[in-house]
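For reference, the chain that follows is the form predicted on its own, supplied as structure tokens.
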Amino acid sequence: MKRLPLPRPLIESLVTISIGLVAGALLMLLFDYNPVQAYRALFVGAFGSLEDILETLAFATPLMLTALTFAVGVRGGLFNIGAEGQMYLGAIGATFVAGLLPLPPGLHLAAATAAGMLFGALWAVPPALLKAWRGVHEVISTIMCNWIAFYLATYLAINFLAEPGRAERTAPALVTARYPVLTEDASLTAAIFVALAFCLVVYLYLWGTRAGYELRLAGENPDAARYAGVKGGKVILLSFAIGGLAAGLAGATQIIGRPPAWSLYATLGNVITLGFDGIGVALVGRNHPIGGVLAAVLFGALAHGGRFMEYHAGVLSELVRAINGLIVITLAVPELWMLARRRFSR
């Protein structure tokens, strides 16, 4: 019986993650730690029980969405790194509706989710228009918008949305605007099903519709896309709009779908860096909506299980982050190489 060959991306991922684990082990040996004990603590912490698996998925939920923001941009030939700022505004939108506007159950949850997505999409409009109308590079404009969003969200959280008597956070989401918690022993809520459904919808859009095909064609072969009559401005606006919706939903899930706070910290501590982490997730997932979901689970395992490396193996938290970074870098190398080769070939 003839054996089916393994897909090349799977082989590359297995090889790169092995290299990353070996590099992390060498780093731990350099500081006199036991790599076997540390990696065992990492795995058991991430997948050792049902509660740990659910907590890993809770960490993964926003990352699969911010990864989608970057992945859709790359599919359209763009480097949209504005998920961070779009996520801040999504969190603000969800906080406003969930914490300050009492509505009936069901409707309240839907309205808070929609507000987060809408705020994220609106914040993606300025860099999209700058790119489509004036040719401003999206990396520059999205970085600027990220910083503007950070200070704007902080200002709104402290001066307009703060909980009375609690300056460190905003008003918590009302009970009617919270996603149901799946188990009391983990912070995973039903928000993960919304995130997975959104990723699936985007996948079907990109690979099952004419507009999605035009978006991918514009990213893979701009000359062929222009020859086929694909409108570049339309592709740019669609890419940014989808990315903004995804990032805004990611911000909303951290407010109305992540206990115990159910609110936005004044420092934005419960959403900060998730947008930038999504870039690494997208690269590891080969800029594919489904691949991003699987990569997000890996990142969630590193985030949740990494804490056990410190608790049970004694590895310093700074070194844990360095080891996780090594693993992520090695996993992202194949996709980075492919993107660089495609860009230079143009």
Partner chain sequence: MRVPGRRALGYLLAGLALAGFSYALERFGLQPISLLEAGLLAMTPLALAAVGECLNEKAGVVNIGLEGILLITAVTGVWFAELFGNGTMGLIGGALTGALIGFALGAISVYGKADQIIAGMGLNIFALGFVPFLLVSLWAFPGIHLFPSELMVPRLITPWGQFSPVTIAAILIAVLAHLLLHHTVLGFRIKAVGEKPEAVDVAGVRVDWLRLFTSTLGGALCGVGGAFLPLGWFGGVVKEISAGRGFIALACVVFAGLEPLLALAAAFLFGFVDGLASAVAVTPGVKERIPFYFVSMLPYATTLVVVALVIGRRRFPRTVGRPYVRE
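Positions refer to the first chain, counted from 1. Definition used throughout: the rigid core is the maximal C-alpha set that superposes within 1.5 Å between two forms. None of the values given here were measured: they were computed from a predicted structure.
Another form exists, predicted in complex with the partner chain; not displayed. Remarks below refer to it.
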Looking at the partner chain in the predicted bound form, is some heavy atom of each of 67, 111 and 199 within 4.5 Å of it?
-> no
Taking the partner chain in the predicted bound form as the reference, which of 148, 107, 190, 101 has a non-hydrogen atom within 4.5 Å?
-> 148
The partner chain: the contacting residue among 242, 89, 236, 81 in the predicted bound form [heavy atom, 4.5 Å] = 81
Hey, in the predicted bound form, is residue 54 touching the partner chain, heavy atoms inside 4.5 Å?
-> no
Find out whether any non-hydrogen atom of residue 279 is located within 4.5 angstroms of the partner chain in the predicted bound form, and reply yes or no.
-> yes
Indicate whether the partner chain has at least one heavy atom within 4.5 Å of a heavy atom of residue 301 in the predicted bound form.
-> no
Answer yes if any heavy atom of residue 290 is within 4.5 Å of a heavy atom of the partner chain in the predicted bound form; otherwise answer no.
-> no
Choose one stretch from 111-119, 243-251, 128-136, 91-99: the one whose residues place a heavy atom within 4.5 angstroms of the partner chain in the predicted bound form.
-> 128-136
Scan 153-177 and write down, in order along the chain, each residue with a heavy atom lying within 4.5 Å of the partner chain in the predicted bound form.
-> 154, 155, 158, 159
Core-aligned C-alpha movement of residue 310 between this form and the one not shown, 2 Å or more | yes
Comparing between this form and the one not shown on the rigid core: C-alpha of residue 35 shifted by 2 Å or more?
-> yes
So, does residue 57 move by 2 Å or more at the CA between this form and the one not shown, with the core held fixed?
-> no
Explain in one word, closer or farther, how the Cα atoms of residue 321 and residue 277 are placed in the predicted bound form relative to this form, where the distance changes by 3 Å or more.
-> closer
Relative Cα spacing, residue 317 and residue 277, in the predicted bound form - shift of 3 Å or more | closer
